[in-house]
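Below sits a lone chain in structure tokens, taken as the form predicted alone.
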């Protein structure tokens, strides 16, 4: 049975890879893209989502989401993803328009019309999902699951304590974590193990495929940040991990933990606090991914990207 997914995203280089994998995979029925602020402002993430769907040749509706976090001042990650969110890589001009329905309304209507069937995958700041949970009290019991890319049990990437997606809207993240429907978390603990090395990207070269060429362009741009920040030769592909897991959960190892989000101002603002001994009985009980078979993950990605035709 196909997994029916609403993908809430903020494209974003790694979001683009997740969208490409999602659209090339028969195991997934992508019900819509909802777009939020995040890696760059909403006006740009929305255009990137529309441009990607057009470039991929897929008939998927795109929904405009929130422009800012619930409470905190907006931030972005243009230092990582470039001013256009795609590392300066330009998509062809397109004529796609977003659906007139708001992202939050679409999430509520789609989930409530299909109770127990729709999975929400959040790979950006969780503002849209949090607002939907607040606006419709029955949403948490109607959604099949919520899966996120965000957080870090170890060190963060935006502050020493916090990963970007949670730091960008920790109050929204707290709403989602406390909803009781967050089932699986892909944080930096696992995504920093999924590095796009030259060997793992090699199958994309010479594929004669415009999507493969686009991915390689993204990776070339993305690599500079990881070299400058971490001294790594290869970038991490965070968001794609969630979609790969939806296709083949055996790629990952997870651990059941209690996790809560710190929304107190100070050095731990936005931190995801994990408890592997399950002592924090009020905190969310979720599966936290901590290891990945990265070679198999990239082999899966390459095989699916090969399905695209120029």
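The model shown is predicted, which means the values in this text are computed figures rather than measured ones. Residue numbers count along the first chain shown, from 1.
Below, we turn to the form predicted together with alpha-D-ribofuranose, even though it does not appear here.
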Of 139, 146, 188, 118, the one that lies within 4.5 Å of alpha-D-ribofuranose in the model of the complex (heavy atoms): 188
Non-hydrogen atom within 4.5 Å of alpha-D-ribofuranose in the model of the complex for each of 39, 157 and 164: yes
Touches alpha-D-ribofuranose in the model of the complex: residue 123 (any heavy atom, 4.5 Å): yes
Stretch from 298-306, 283-291, 21-29, 8-16 whose residues place a heavy atom within 4.5 Å of alpha-D-ribofuranose in the model of the complex: 8-16
In the model of the complex: members of 61-94 within 4.5 Å of alpha-D-ribofuranose, any heavy atom: 81
